[in-house]
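Only one chain is included here, represented as structure tokens and corresponding to the form predicted on its own.
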Amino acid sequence: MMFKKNDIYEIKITGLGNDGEGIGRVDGYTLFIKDAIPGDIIKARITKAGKSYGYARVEEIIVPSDDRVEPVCPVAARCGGCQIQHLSYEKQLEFKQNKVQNQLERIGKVKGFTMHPIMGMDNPYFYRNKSQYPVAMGKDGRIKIGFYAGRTHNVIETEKCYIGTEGNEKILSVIRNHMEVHHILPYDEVNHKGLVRHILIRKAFATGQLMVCLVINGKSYPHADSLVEQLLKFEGMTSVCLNVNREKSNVILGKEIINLYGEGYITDKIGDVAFEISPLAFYQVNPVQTVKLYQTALEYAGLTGKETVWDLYCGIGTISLFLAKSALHVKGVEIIPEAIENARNNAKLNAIDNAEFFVGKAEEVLPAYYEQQERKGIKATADVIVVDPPRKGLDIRLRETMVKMQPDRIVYVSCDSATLARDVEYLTQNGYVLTDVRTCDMFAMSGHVETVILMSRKDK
């Protein structure tokens, strides 16, 4: 049977894909269908057909699933920010927990570990402390500010985002009006003209401080003083700046920051540790869940005050400084120089003197350190290694070095359970056993989930 674009089929949805798309089959042919959930019976139109599987969209819901709910956001189906807002929150948590466990067992080839209950949210809305809004010109000549539609760069105008910070829409309205009054054009990525590309808004939930950063295709913003004056009317406004990005790329932020008001950062807290956060700094977007995640990482590290800990991919030192209060010494590694500068400043801010930070790729810094110590005739070891890598997971050279250093415990914080499972397989083949796994819903209404695991040396 041949399947082709625009064919329509009646399908019962039987599962969810990794990103929350519904899965259904027609005569053995698999379709991945956005906005469909298990239990739905739908009419689906094929949008892309491959040999063994294809993609489709919902044309009509014939019988809705018992787990289907009405999204609170009126543009949830079109916006790419939320993938599963139409699925009950209870079932969202169940899906994420099962996804991680299945991938660890199937890809990681591990069994017998303790799978702790997922850490969900009491209120899964308005949780993001950072939002990046693309700006574009609509066909009607009006400036559009919102989010990209799924798998496109078409901006869906969003007056109010239900997972972003409450009140962001008022800040966006001020910026849009200022652009219109002063005839400031949004960026057009086709012809590389126009000025304003994105609007970044960050809020420190613990202190209430706000940051607004305009990402611009230029070196200055016209009438900046009047915009700053209007933004300072918002309670907590602490930093207003420009980020220069003149590249023809999909990367949102450039490297140059121009401060218009404030010191160029806002201050937030995770637990009792304070952090200065600049526009370029990586900082977990869900502060309520971050505390739970880091407390779990700290528990798994099992620190008694005598341990040397390596924290790889440390960012601005969030986990490092959290661990430093219970360790003898912490060494953090991060590739972004500005983040390491932030980390060192944050250590001073918290009067922490047992943490040091190194600039460079983790897969280069740790092996170089190990080899340097070996040349001196010293066995380079660690009591605990904590890793929080990007989605691609751990580099093979880094994994090899970690195993050579023989830490008693490896605490792995992951944003991609497939690469986590791949790395777990390697580590279990090289002297470690997976004992504890706990998922944390850092990204409610999306298909993503954060996971923290504990691996211990088999001979300990």
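Keep in mind the model is a prediction, meaning the values are calculated, not measured. A residue's number is simply how far along the shown sequence it sits, counting from 1.
If you look for the form predicted in complex with S-adenosyl-L-homocysteine, you will not find it shown, but the lines that follow are about it.
Contact check for Ala362: a non-hydrogen atom falls within 4.5 Å of S-adenosyl-L-homocysteine in the model of the complex.
In the model of the complex, at least one heavy atom of Pro390 sits within 4.5 Å of S-adenosyl-L-homocysteine. By the criterion of a heavy atom within 4.5 Å, Asn286 is excluded from the residues contacting S-adenosyl-L-homocysteine in the model of the complex. Contact annotation: Ile319 falls within 4.5 Å of S-adenosyl-L-homocysteine in the model of the complex, judged by heavy atom distances. Proximity to S-adenosyl-L-homocysteine in the model of the complex, defined as a heavy atom within 4.5 Å, holds among Gly315, Gly194, Gly108, Gly262 only for Gly315. Contact annotation: of the candidates Ile252, Leu349, Ile335, Leu232, the single residue with a non-hydrogen atom within 4.5 angstroms of S-adenosyl-L-homocysteine in the model of the complex is Ile335. Annotated contact segment (heavy atom within 4.5 Å of S-adenosyl-L-homocysteine in the model of the complex): 327-335, selected among 174-182, 206-214, 232-240, 327-335.
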